[in-house]
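Encoded as structure tokens, the following chain is the form predicted on its own, with no partner shown.
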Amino acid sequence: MANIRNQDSWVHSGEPEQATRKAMDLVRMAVSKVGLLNPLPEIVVGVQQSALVIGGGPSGMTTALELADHGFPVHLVERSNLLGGQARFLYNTWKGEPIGPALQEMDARVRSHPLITLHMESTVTDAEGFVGNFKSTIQSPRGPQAVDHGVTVIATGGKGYTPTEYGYGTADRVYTSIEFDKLTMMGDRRINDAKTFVFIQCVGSRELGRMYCSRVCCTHSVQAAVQLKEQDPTREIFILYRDLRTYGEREELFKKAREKGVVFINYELHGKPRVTQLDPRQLEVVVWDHILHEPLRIVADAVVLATAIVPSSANADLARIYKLSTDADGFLLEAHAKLRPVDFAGDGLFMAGLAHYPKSVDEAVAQAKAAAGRAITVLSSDRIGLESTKATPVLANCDGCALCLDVCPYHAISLVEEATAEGSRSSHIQVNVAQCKGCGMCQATCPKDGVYVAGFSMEQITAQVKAALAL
């Protein structure tokens, strides 16, 4: 393939003559390589037609049910003694749909499904293998258990940030959003009798150390403000925000809040609000009003903090066990945001829900169904074909220095030791073709041409370089 579009016409659209000359170089290089190509063998591996799903929240349960309903046995691992994850602390979706009954129905279906094996109070402690042939060790109160499975779906969820700012934990009547929801549902007098509420957004989000947006916080606060106004129109509701992000159809909630008299005040990171306890029943919130250009003092009966969603502590352990990538914030990293949004770089590994990044319940469930669909493409056959561009050892040159083992991002290379005819021992590398992605790191690192990627031998690359230089 001579990639004239991506590597030439797109990047040199303003220089047609030079782009044409480059296109000729690319074609000449491709022809030079073609002359040295060899047929690559077809690589096929068997598939264990069962799945392992890690995490028993809405995403994990949805994935497990989707796979089991398609006839594939599923091992569902949950580290707590309850299913539902963080969704147990939520009451309604942004559309007002009750979450509790849906979770209870899902829980009952999971527990009664004949193809789902539930591992409660359990964690995955070790894993080996590759797409279609994984073996994971599940540690439960009954001891370790090894399970064979063809795919792995990680849906470990997330958790709420515990704030240290705005008087949380020291001042009375300062709550997180989750705590506020619970008190509201219980009919707590501190909420029912309150007349002035202040919601503070981006608590623990979008600042040094946690720069990302948690996405659901703005919608939650606006939704709560609307409900408070509908219960008592005389209430004063203030939402202190940095950037309001009620995206998509959620914009209707923002519009409704404005119509009902909810006051939105923008603040900047360098001028965060200050919360002070006046007496056991009242708080003072001071925020810089960017329209009045002066501090605004609000005497509030309750302050609600929209806290960040942070990744599960299990992400780091699972990333080590399954050789996964995480982003700078600790969330799991997909192979490609557009082309493979629920896949990991390693085949047969998928993700769903808050383990990936903060999202609403409906988005988490939709992603779980997508992950199940991708997993089914592997499980639907008892054999799977792999790409043939794999690392290939050259045993005549390999001296077992193991430099390639250190750089292989997929841990596809191992060192084997064999006895020679003279009775001594020699070492050389061995490649697991199912794990290898043909990235070329080993070939670039080896100082003795002891390994190459099929289709990209040194002779072929040298021929391309000479063609490019017209030698």
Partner chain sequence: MSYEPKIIGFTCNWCTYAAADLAGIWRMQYPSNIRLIRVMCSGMVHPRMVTEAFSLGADGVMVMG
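All values derive from a computational prediction rather than experimental measurement. Rigid core here is just the name for the largest C-alpha set that superposes within 1.5 Å across the two forms. Positions refer to the first chain, counted from 1.
We do not show the form predicted together with the partner chain, though everything after this point is about it.
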item	value
Of A444, V31, V44, L415, the one that lies within 4.5 Å of the partner chain in the predicted complex (heavy atoms)	A444
Candidate spot A108, M120 and H356, all three touching the partner chain in the predicted complex (heavy atom, 4.5 Å)	no
Proximity of T219 to the partner chain in the predicted complex, heavy atoms at 4.5 Å	no
is_contact(K437, the partner chain) in the predicted complex, heavy atom dist at most 4.5 Å	yes
Interface membership of T389, the partner chain in the predicted complex, 4.5 Å heavy atom rule	yes
In the predicted complex: members of 435 to 471 within 4.5 Å of the partner chain, any heavy atom	K437, G438, C439, G440, M441, Q443, A444, C446, D449, V453, F456, M458, I461, T462, Q464, V465, K466, A468, L469, L471
Cα displacement of C408 between this form and the one not shown reaching 2 Å, rigid core superposed	yes
Shift of H70 between this form and the one not shown at or above 2 Å (CA, core fit)	no
Core-superposed comparison between this form and the one not shown, L83 Cα displacement 2 Å or beyond	no
Sense of CA distance change between E334 and T445 in the predicted complex, threshold 3 Å	farther
